[in-house]
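Single chain ahead, written as structure tokens, the form predicted alone.
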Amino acid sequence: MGTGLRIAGVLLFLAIVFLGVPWAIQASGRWDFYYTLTSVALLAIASAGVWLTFYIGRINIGQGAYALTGGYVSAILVMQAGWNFWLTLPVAGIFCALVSVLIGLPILRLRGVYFAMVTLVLTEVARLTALALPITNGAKGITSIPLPGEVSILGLTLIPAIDTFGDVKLAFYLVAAALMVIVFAGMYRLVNSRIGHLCRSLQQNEELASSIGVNITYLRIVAYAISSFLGGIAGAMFVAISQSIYPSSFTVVDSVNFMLNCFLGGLAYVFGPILGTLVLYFGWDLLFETGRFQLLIYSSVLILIIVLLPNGLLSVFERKRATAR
């Protein structure tokens, strides 16, 4: 019964994302929602990486650095090396993962506070690097990036060019939504695998896990590399949509928001980043009409939610189940 309900829930979610949302936007004529929901999907992907580092008991406040790095890697390969965007997408993620391994090797052996302190400055380091390097074009950034083109093998089209679609916004939304579904399906599988169970043991007692032969450093580095990979591909997708990137495209505020998405949705739930991103993104926009009180109301509501629901919004469903029993 439980498996049947989960399958029904997944099918309902897919129907809403790929059929319901486009139909609702078509009926309402609010075409701007395509960009909004595309942004939510990509921010949720980057937040999923932050959630994974929380899952191993580490605080990650530097995901904006990898989103910025991934975006620049993709933009440079497209503009200067002539690569097709779709080929740069995995390369951007892999590059970010390799950078994270170099950073993680020395500090992930230490206590969590040192890791949090290093990640806190990573985004600003990435921004300053983008400002200084000639290849990134400094403060001018990289602009006029072409839309993703066609990918074909032996004359067979695998991925059509984005500009061949009648509605480019819809095409980007479907791509981002599909990428989000793949990422979170992979995250769910990872968490429920043997490696996922070992990662969970790090939350409870690292010394005990180490005493039974768990390679703690290896697990931390793998989790951090996956986290950075997700940040890199999310940043690259943002570049494809906006067709530009600047050193200020991702800032420390974005890194903090990635973390808040996880807290708000629920650190105990794989799909927490999706709900957290959706609520934070739309919540901020809805409060726009309050003018100068926007930030005050926004912060107060966040604090109230965290106080009343310390385990995140998804914990409401757990409370309902407990009450029903």
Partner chain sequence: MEQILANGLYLGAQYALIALGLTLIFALMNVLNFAHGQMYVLGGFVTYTVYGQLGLPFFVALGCSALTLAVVGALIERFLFRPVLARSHREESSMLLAAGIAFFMDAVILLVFGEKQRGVPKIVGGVLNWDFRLIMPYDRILIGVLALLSIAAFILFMSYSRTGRALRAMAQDRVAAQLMGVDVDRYAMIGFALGAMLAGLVGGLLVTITGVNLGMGGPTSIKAFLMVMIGGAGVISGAIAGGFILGMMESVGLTLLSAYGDITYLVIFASLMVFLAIRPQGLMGKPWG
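Residue numbers count along the first chain shown, from 1. Each form is matched to the other, and the largest set of C-alpha atoms that superpose within 1.5 Å is called the rigid core. Here the structure is a predicted model, which is why all the values come from computation and not from measurement.
A second form of this protein, the form predicted in complex with the partner chain, is not displayed here; the remarks below concern that form.
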Non-hydrogen atoms within 4.5 angstroms of the partner chain in the predicted bound form: do 57, 300 and 303 all have one? yes
Option touching the partner chain, based on a heavy atom within 4.5 Å in the predicted bound form, out of 132, 168, 98, 79: 132
Interface residue in the predicted bound form among 103, 91, 221, 241, criterion: non-hydrogen atom within 4.5 angstroms of the partner chain: 103
Is it the case that residue 181, even though its partner is missing from this view, gets within 4.5 Å of the partner chain in the predicted bound form, heavy atoms only? no
Hey, in the predicted bound form, is residue 203 touching the partner chain, heavy atoms inside 4.5 Å? yes
With heavy atoms only and a cut-off of 4.5 Å, decide whether residue 20 touches the partner chain in the predicted bound form. no
Taking heavy atoms and a 4.5 Å cut-off, does residue 264 contact the partner chain in the predicted bound form? yes
Which among 229 to 237, 124 to 132, 79 to 87, 143 to 151 is in contact with the partner chain in the predicted bound form, heavy atoms within 4.5 angstroms? 124 to 132
Taking the partner chain in the predicted bound form and a 4.5 Å non-hydrogen atom cutoff, the residues of 270 to 290 making contact are none
So, superposing on the core, is the move of residue 36 at the CA at least 2 angstroms between this form and the one not shown? no
